[in-house]
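First comes one chain, alone, set out as structure tokens in the form predicted on its own.
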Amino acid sequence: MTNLNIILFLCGWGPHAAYQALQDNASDIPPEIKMVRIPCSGRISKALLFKPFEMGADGVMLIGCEPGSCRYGTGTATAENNVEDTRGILDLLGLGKDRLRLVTFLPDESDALLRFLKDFVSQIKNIGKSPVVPPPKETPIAEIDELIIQTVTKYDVYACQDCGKCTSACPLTLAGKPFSPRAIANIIISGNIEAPSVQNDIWSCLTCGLCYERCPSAVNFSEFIRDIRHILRKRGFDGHKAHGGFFQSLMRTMTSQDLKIKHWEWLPKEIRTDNESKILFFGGCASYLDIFFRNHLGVQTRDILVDSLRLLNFFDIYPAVLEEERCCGHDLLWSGDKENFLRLARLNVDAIHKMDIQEVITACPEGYRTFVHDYPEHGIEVNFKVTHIYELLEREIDKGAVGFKKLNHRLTFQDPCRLSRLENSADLPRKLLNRLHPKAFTEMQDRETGATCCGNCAWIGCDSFSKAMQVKRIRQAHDTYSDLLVTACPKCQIHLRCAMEDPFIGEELNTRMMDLVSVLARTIQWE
């Protein structure tokens, strides 16, 4: 077998003493192991645990202190949670959870440590080499100045009237961040793309589209920022990634063609699918989000997928699912990694075309936008219809004989930017909301195409100002006297719930949330 590549993250306290004894005694430590000394097992985040797998590692070990002996108190417990979540994601990816292990040792347990190292290497040999092929390094752009001019021209940024309507509407600016879309545009037009203000602020933009909504010159600032990020990435600037860049790393890993992803093996038995169907349901990244955040935010984004399929089954639609479904690549594209976005796009579209699918249904606003606009815009031919589930449900319900049980809640609604504003489809969820029978449905102050973003997009630029936006949005929801905040995007649910975990005002912000498809699935009935 080709030499294995196994990474060992080794706590620098107790277990390092045991490892040092092995080295001092010239013990036969397996040569496949590459050791990285770390200050504490709890410092190795999920992003750091996963990164070696993106780079083609065959196995990863995290060795920490015995519970109760951690010098930092909670390091071992934190490591247990991080490893559990990462193993779950490795399992979904088809890499297998057994490629990642957490163990603990005391300083005098060098013999037991050596046995474990040998056993783990033997186990990885039995599993085999990882199918992950690290993505190729970025090819630098030679004519970057010309590319900037082309991008400025493409979006007609020269038409900016310097009126300031974009800045006065920007939710980040209103949250107190010294951020100005028109200032960024002016600096880039002047050719100073490497100015510190551009380097900092280009990654802060939410790309929520509110500035485009208000711009009298119709400058599509969100897409302009997206393409400038791509140029900057080519220059070696990669922005400020949330969660250590875990989700970008995950998506780049998915560009390996030989991965045997297990995207749907967890589905409840009562959900019916049919892989001979000409209709396909595309789930997106909700399964991974559910695992990643379960020990932190307690999200249940898988429910969105299950309830979407349950609604389709209600109308006797038994769709196909793509067993090896990959993420659509939205977050790669909008964080500047266009090359790997295109690799993911081709893998997804080729797999769907091979199934001879005529219509793809998705419940994710980002996935919908990516299939409808971003794939074709970037030269990926899509030979099937793409339908958001709200459109399908409204069509089916409108045929008659369908009603909804009374809902013992007062509702308000959080608009997703990609559907309500960038797609100009704020009416779609509202048609369905108005069919429900709640105690009340009251809109928030900022709504529809003027709605406030949940505070983050593509897992970049998350900071205290994003948090301030989330707090403001939840307080707007409370002002409606609602007791159920209905969302329509898994990320809105995650980001708003994050604000509710604030140790000082979290209890004040706490409110129940549920995705619209879940509300519909749990109240729909034949009449």
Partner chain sequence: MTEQKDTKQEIIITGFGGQGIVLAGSILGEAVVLGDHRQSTLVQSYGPEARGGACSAEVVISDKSIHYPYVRHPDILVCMSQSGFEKFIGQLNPEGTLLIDQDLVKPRGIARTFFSIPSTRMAEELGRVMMANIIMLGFFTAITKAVSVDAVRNAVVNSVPKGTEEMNTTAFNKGFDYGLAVLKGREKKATGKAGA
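Not measured: the values here are computed from a predicted model. Numbering follows the first chain given and starts at 1.
There is another form of the same protein, the form predicted together with its partner chain; it is not shown, and what comes next is about it.
Enquirer: Which of 345-353, 245-253, 437-445, 310-318 has heavy atoms within 4.5 Å of its partner chain in the predicted complex?
Expert: Answer to the contact question: 310-318.
Enquirer: Would N3 sit within 4.5 Å of its partner chain in the predicted complex, counting heavy atoms only?
Expert: Residue-level check for N3: no, no contact with its partner chain.
Enquirer: I'd like to check something about D258: if you look in the predicted complex, is any of its heavy atoms closer than or equal to 4.5 Å to a heavy atom of its partner chain?
Expert: Looking in the predicted complex, residue contacts with its partner chain do not include D258, since no heavy atom lies within 4.5 Å.
Enquirer: Contact with its partner chain in the predicted complex for I7, defined as at least one heavy atom pair within 4.5 Å: yes or no?
Expert: So I7 does not count as contacting its partner chain.
Enquirer: Evaluate A218 for contact with its partner chain in the predicted complex, applying a 4.5 angstroms cut-off between non-hydrogen atoms, and reply yes or no.
Expert: Flag for A218 set to no.
Enquirer: Which residue, D398, E143, E194, D162, is the contact with its partner chain in the predicted complex, using a 4.5 Å heavy atom cutoff?
Expert: The residue in contact is D398.
Enquirer: Pull the contact list for 325-363: residues with a heavy atom within 4.5 Å of its partner chain in the predicted complex, in sequence order.
Expert: Contacting residues: none.
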